[in-house]
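Coming up is one lone chain in structure tokens, specifically the form predicted on its own.
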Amino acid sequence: METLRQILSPDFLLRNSVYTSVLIGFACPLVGVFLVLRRLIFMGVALPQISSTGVAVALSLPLWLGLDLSGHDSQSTHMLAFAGSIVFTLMAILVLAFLERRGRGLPEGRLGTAYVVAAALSILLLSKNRYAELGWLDLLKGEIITVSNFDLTLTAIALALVLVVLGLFHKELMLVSFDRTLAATLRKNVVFWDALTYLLIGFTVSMAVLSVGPLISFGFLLIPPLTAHLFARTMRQFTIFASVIGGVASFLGFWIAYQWDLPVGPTDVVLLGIIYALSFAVKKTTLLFRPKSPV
């Protein structure tokens, strides 16, 4: 309990890291729900890694152009990284979604290739970039050590914007993601709501990657919605359960990592995997022993 009191203390040295992890834990599953509904789970694997490639390319551009960033503050560097992240993420999600709709080739093959190439390219670019010493390489490996007040504020504002949009247009986004045919029958602008959904996914992924790295982003995008899907009976329950699971797991993961001196990112993802496995076992056991209705 002493460790818990330290983490909850306002003077805790890593308090910004805790707040950021919890924010990502609550927010990422909210857009991950749409990936699950659209059966684009593999896209959730590739997008965070492609986003990290955008970060690596953006941070490498000044070196390629012969510019010196040593005199710039961390805020300018962060905004440069965000620009690269959002551009690469939105381009990737639009291209991959277009190819998915065309139905040609193997979508799993495309996404798998995009993931592994993006992962390798990110490491190669940052390993030759002296600005990677600022902590970007560690971040992309899932190590959340320090988060500045500026980074925390930017993350909170961005995710609050996502929550507002989801709150205002939740029914339309859910309808188009769950049943496009019904949405078209009801004369909904399917193209517009598709574009807005992809924009929200891309924006959230970009912010998550910049805040906690691709490893945790991927984990919180998919595992909480998959876990919630086992028990939710309505779309509202699906969304709420996924967000709560992500937020609680992010805090518990940080607590465990701090207690046992473990890296936060892998700890969070492993904890989410354990929760999913236990939930799956409980669901199957419940179905096995549930009385069968008479024919």
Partner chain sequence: MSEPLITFDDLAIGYDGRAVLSGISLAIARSSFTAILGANGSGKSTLLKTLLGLQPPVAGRIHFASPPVFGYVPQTVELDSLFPLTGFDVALMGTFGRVGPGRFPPHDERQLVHDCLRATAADGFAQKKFSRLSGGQKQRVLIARALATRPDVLVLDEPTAGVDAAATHALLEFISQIHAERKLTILLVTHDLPLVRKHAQQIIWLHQGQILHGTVAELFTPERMAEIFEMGVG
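Being a predicted model, the structure only gives us computed values, none of them experimental. Positions refer to the first chain, counted from 1.
Heads up, the form predicted in complex with the partner chain isn't pictured, but that's what we're talking about next.
- Proximity to the partner chain in the predicted bound form, defined as a heavy atom within 4.5 Å, holds among A257, V57, A232, V269 only for A232.
- Only one segment in the set 200-208, 116-124, 172-180, 80-88 has residues whose heavy atoms sit within 4.5 Å of the partner chain in the predicted bound form; it is 172-180.
- Taking non-hydrogen atoms only, L168 approaches the partner chain to within 4.5 angstroms in the predicted bound form.
- The shortest heavy atom separation between L186 and the partner chain in the predicted bound form is within 4.5 Å.
- Contact between F238 and the partner chain in the predicted bound form is found at the 4.5 Å heavy atom cutoff.
- Not displayed here, the partner chain is approached by V36 to within 4.5 Å at the level of heavy atoms in the predicted bound form.
- Looking at 14-30, no residue comes within 4.5 Å of the partner chain in the predicted bound form, counting any heavy atom.
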